[in-house]
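The chain below stands alone and is given in structure tokens; this is the form predicted on its own.
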Amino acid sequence: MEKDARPNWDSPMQFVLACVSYAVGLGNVWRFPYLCQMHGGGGFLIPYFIMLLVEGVPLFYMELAIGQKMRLGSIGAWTAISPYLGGVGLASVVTSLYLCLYYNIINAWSFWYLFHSFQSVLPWAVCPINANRTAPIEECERASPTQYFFYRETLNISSTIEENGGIHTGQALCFLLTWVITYLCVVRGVQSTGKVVYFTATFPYVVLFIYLIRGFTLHGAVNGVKYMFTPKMDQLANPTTWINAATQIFFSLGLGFGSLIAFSSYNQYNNNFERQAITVSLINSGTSIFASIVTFAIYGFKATINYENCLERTRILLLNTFNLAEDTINMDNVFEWIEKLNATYPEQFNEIANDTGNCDLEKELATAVEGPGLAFIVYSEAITNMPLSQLWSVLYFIMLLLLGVGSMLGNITAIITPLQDFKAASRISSELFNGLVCLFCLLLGLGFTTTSGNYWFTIFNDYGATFSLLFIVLIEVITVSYIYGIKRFEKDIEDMLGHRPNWYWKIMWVAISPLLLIVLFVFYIVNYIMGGTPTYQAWDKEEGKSVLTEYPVFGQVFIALLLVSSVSCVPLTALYVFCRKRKHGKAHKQQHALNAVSA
């Protein structure tokens, strides 16, 4: 395809917003706060920013440079560098396909919660009544209203991955709606996406800012924010802290999926991607911190409410057990009375000892939750305790939807762009081809709306991308530095920007980033092997909680296939190209010999 025939972004701002919309996703809201909570609060920011400088920004810069120089999707770009490396682009497409299959189910859940937010009482605020209309449903009472609504009403989840049921009609319709919206956003390629990102990249910040103001007015919010910014420096000696900081940077920026290469391939040839790489990386990390402040304010509110409810239960227990006057014990002196009554009436106190003294604000704040559990259970529970809870619920799930849709635009573009670079696909109209890709993903993804769908979602979320992306980006940086050649890459950048990259970029590409990726790759493999049989959280409706369960044999086999399927594209493509060249070489020699004999 000629360079001039390729469509372009209307302006550099559109490209930046597309990258921001893609990079700033659900992980900024539900994984970064979890890692801060797990690894020492503010102390986690130290390894996080170090990894941003030595890994995130250099690799982000590299992918933008490749896309802008080659003006092709991931498959075409790597094939242009070397025919043997076309499998790197193919591996990116396969990984993006896996992500697209399950990512939109999260958006479907957001739609489900959004539609249920327009009720006088939020349905996850109270337990529904049983069929006899005599009491709340037992499963809900054993769990909590928010857990029941997520696991039973939203997912209608089965007890194990082996128990499969029919499709959840409501979820299937929400899933269909998400794919219709995704298609409308990419129907005409960058012409459509470029308009949508003005909204998907900016409105979530409006909601986050509103939530920040509201969060700081909530009772106990300060406790959560103080917990976040109180560093526990001992965590810096923990290797897992550094590994998690590196992987969070890696996945948050969306490296290795091919989306960045696809987006930058629509840039003007002399676009200043260096400045844009730094800008988008800093915006992404800044958003993670901003979202964490909001999240910890909500954490503080929820933890304080739970803590005070615990104190109130303990206070009433003490008053009833020891026949004390109502105003004898208050929230401020509960622990003093526990010590006093324990010393005065040890035998009587011993009977209720297990029900007292378990109230601990620090413990409530330290309860770390990530992923859907944070977004759809913890946040939802906190929202129910807010005045005008319906308003805050609508705003929150609209924000989740926009973050999810913005990321989906990058994910689907990573599939569409490299495929459209092939001549066969280029003959089909953009509207039809993009529709076929979306329809294909919709049909394959319907399995996630079944009763066991959430367990398959967990498999894809845990194993569908991590291993392959580490491998893909490691091959990318080694290829650029040592196969394509760092000197040649420098000249390409000079041709586009008018100056060569400075020493910082070259040191990162040649030494630091590859070494770090090798460490991450080895750590992942060792961790997977040492971890034993893979497990998942199965919902036990009798207990009203999740229980750790080992995957059955077919689940373990599927995980293994998922891990190797995308990675195997690299050696298999190289082998195919080698065999093809060898075959053509033999045919050429035979033809040459025949011509010589004829002569």
Partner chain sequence: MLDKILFLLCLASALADERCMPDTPHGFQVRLSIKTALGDEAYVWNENEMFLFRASLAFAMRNHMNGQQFEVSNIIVCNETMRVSFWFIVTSPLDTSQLIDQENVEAAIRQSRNRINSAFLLTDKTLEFVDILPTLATLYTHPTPPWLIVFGVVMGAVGAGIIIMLVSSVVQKKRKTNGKPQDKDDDEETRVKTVENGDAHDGVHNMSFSEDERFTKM
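As the structure is a prediction and not an experimental result, all values here were calculated from the model. Residue numbers count along the first chain shown, from 1. We call the rigid core whatever largest set of C-alpha positions still superposes within 1.5 Å between the two forms.
What follows is about the form predicted together with the partner chain, which we do not show.
- Screening Ile398, Met386, Ile483, Ile518 for any heavy atom within 4.5 Å of the partner chain in the model of the complex leaves a single hit, Ile483.
- Of the residues Gly373, Pro231, Gly447, Gly170, just one reaches the partner chain in the model of the complex with a heavy atom at 4.5 Å or closer; this is Gly170.
- The partner chain is not drawn, but in the model of the complex it has no heavy atom within 4.5 Å of Leu391.
- Heavy atoms of Arg500 never reach within 4.5 Å of the partner chain in the model of the complex, leaving it off the interface.
- None of the heavy atoms of Phe209 is located within 4.5 Å of the partner chain in the model of the complex.
- Under a 4.5 angstroms non-hydrogen atom cutoff, the partner chain in the model of the complex lacks Glu339 among its neighbouring residues.
- Residues within 4.5 angstroms of the partner chain in the model of the complex, judged by any non-hydrogen atom, belong to 116-124 and to none of the other stretches in 300-308, 116-124, 237-245, 502-510.
- For the partner-free chain shown, Asn320, Asn323, Leu324, Ala325, Glu326, Asp327 of 320-339 come within 4.5 angstroms of the partner chain in the model of the complex, judged by any non-hydrogen atom.
- Relative to the superposed rigid core, Ala291 undergoes a CA displacement smaller than 2 Å between the shown form and the other one.
- Glu163 is not among the residues whose C-alpha shifts by 2 Å or more between the shown form and the other one once the rigid core is aligned; its shift stays under 2 Å.
- For Ile329, the Cα coordinates differ by 2 angstroms or more between the shown form and the other one after the core has been superposed.
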